[in-house]
Structure formats: structure tokens, C-alpha cells
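Only one chain is included here, represented as C-alpha cells and corresponding to the form predicted on its own.
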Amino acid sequence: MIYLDNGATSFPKPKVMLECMYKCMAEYCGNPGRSGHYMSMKTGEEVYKTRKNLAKLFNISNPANIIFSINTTGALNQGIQGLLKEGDHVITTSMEHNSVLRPLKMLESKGVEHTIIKCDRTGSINLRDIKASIKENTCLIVCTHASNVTGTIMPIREIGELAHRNNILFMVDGAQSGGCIPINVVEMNIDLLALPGHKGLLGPMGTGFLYVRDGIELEPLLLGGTGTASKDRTQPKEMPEGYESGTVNAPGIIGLGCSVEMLLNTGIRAIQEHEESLTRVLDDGLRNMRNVIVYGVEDCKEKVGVVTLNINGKSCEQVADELSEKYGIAGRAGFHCAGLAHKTIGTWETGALRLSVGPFNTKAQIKTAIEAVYKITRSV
């Protein structure tokens, strides 16, 4: 199988990650922060090591400002629902994942209003439109770093500067960018950053995190045991324990830490250059093909490793099935949990097929995928 569904989850996983997870489960997997014996303390130390690796990767000064979650969705919900209250106004974009749009829709019933800035057909946003939408009660701008539909990279640094000039918090969904392109929370003016562990960071499913800048207080979404203040029925708000109720996914988090350490050694720039070169070959090959429509920006420096397409005369589901069954190529067809993004780029009625590269793909695999799409177009 040629795996081109890295936008959903990365594959294959690094061997070092699997070895770290196995070692944890086989040798010392106690409940971190709950006991004083060696197994519990060792697990806690390894979990904290992952916090430190993540902090180093994203230029986070205090590892305790990293809250572990089960995925990006959990992190986004903790940030959005934990921050907003009645009377607040939020600005977001039409290229967002439902993990942003659905919480904001739900909060309408609680007196939180939001404005959705419409992006252009390539998925790009105009800063002037954001500026024009700022109100006196605007307290948050939340924006994807890179679209999971088109791969289009948003001007995060500039949006963050605009937010801070207007005393507005800035939250970033880094689901498609973390581990694929550099992210520096200080230089990019990011106050809250939500990321998955299982995509560009090459960790296991069931892992993710939310970074929260010093000075921002959230209401915890999940209440329960934290290993601290057990006599008190009120949920503590100390970072990070107050936001990680219950037993964390220690083997997964430790495995994630090993993958992040590998990324630190490899360098995100090197991964970005590799994926960009593959994306350029794939994008150019498909754009030059009759009966193929490719969406999003043409300059592959302005997007992550995502190429989204349709073939005239065939549904995206048909094309995905043929690629899988006839040619052993994995992609993802449909609406990618981002209906408004598809409405923005003109695929509201049809959906589209997404092919997304990863660090372990090769140029030979990309050329095979291009040839397979060409053969499918010949059968229309």
C-alpha cells in the first residue's frame, strides 16, 4: 500500500516510538502522579520528559503549560469552551475543521457570538477582513494553521500580531502543521496551540495537547481526580494536573515523546523541505492532467503536504475506491469534517479526494500515484 492519507494520521510510525511504548508497558507502567513507588515515579518522569521535548520543539518556556489530551479535538474544546463566556465574541474562518466550528455553534446558546471570515477559493484569508470584524467584545481569534482540505497555510504570525495589537487572544489549530512546518509560539504570537500527537508529530493515536500561555485561566472541562488536593471537592486549576483528570495515556504520551525527540534530531525544516518537494511533484503532475481539478494554492511553499482533487465524470468516492482496490494507494474522499471549507472552495455538492504526503513517502511513490490517477482519467 502506498499511504497518502497522512492528513488523517501518519503512517508508518517510527520504530523508536513503538519500542518506547512497549518498554513502558512491559517494565514500569505505573499510574503517574498517584503513588510514591518506583513504577509510578518512573512513568511520571517519562511523561514529563515528553512535555519537555514538546516545549523545546515549539519554543514553550514552561513545559507545565502543556495539557495532554486525547486528540486535537479535545484540546480545541478545552481551549474554546474553557475560555469563552456569555457576551464574548470570537472570530474564525470558513476553512476551519468542525472541531472549531461545532463548539462555537454550541456556545451560541450560551450567549457567545462568532464571526466566520470567508476565505477565497484557494482557502486563503485576507487580514483586512479579520481586522474589519473586530468588535469591542472580541476576545478570541481562532484559526487553523494549515487547512486540512487544501493544505493552505494561514498567515499565523500576522494574525497573531493583529490580535495582540487589539488585546485579543489568539488560538491556533495546528493539526496539519505540527511536525510538518516550524511553529514558534513566541515568534508567531500564539496564546493557545492545539495539536495532535498522531499526525505530523508521528506519535500514536489517542494523544494530543493544548499549550496555554502564562496568565490565561481556563475552566477545566473534565472534572475528577488529579492526584492533588484530594480532600477538596472543587476542581484545582493548577497547570497541568487540574486539566488532566483521571489517568493519562502514559504509554501513548511516552511514545509521543520518543517521536518528538526524533523530530528534534532530524529538524522540522528538513521534513518541510522533503514534504514540499513531494507535494510539488504531485501537485504539478495532477494540475497538468486533463479532466482533473486540483484545489487550493498552486505555490507549494504556501501549503503543507496536501493535494485535493476531483476527476470530471467520477465521484471522489469512486476515485478513492479505484486507487485503493486497483493500485494500492490510500487517500481520503469526502468532506473531511470541514463542510464550510468545501463550500468555500466550491466542492459543497461533491466533496473531493485528498492525497496527503508524509516524511516516509518517496518520489517514486508519488510518481506511481500520478500514473494511477492518469489511468483512472482514461476510463471516464
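In case it trips you up, residue 1 is the first one in the sequence shown, and so on. These figures come from a predicted structure and were not determined experimentally.
As for the form predicted together with a small molecule, it is not shown, yet the points below apply to it.
- Of the residues Ala175, Ile254, Val142, Val307, just one reaches the small molecule in the predicted bound form with a heavy atom at 4.5 Å or closer; this is Ala175.
- None of Ser99, Asn249, Ser94, Ser124 but one reaches within 4.5 angstroms of the small molecule in the predicted bound form through a heavy atom, and that residue is Ser99.
- Looking at the small molecule in the predicted bound form, residues Thr72, Asn148 and Lys199 each place a heavy atom within 4.5 Å of it.
- Contact between Leu76 and the small molecule in the predicted bound form is found at the 4.5 Å heavy atom cutoff.
- Residues placing heavy atoms within 4.5 Å of the small molecule in the predicted bound form fall in a single listed stretch, namely 167-175, out of 278-286, 295-303, 222-230, 167-175.
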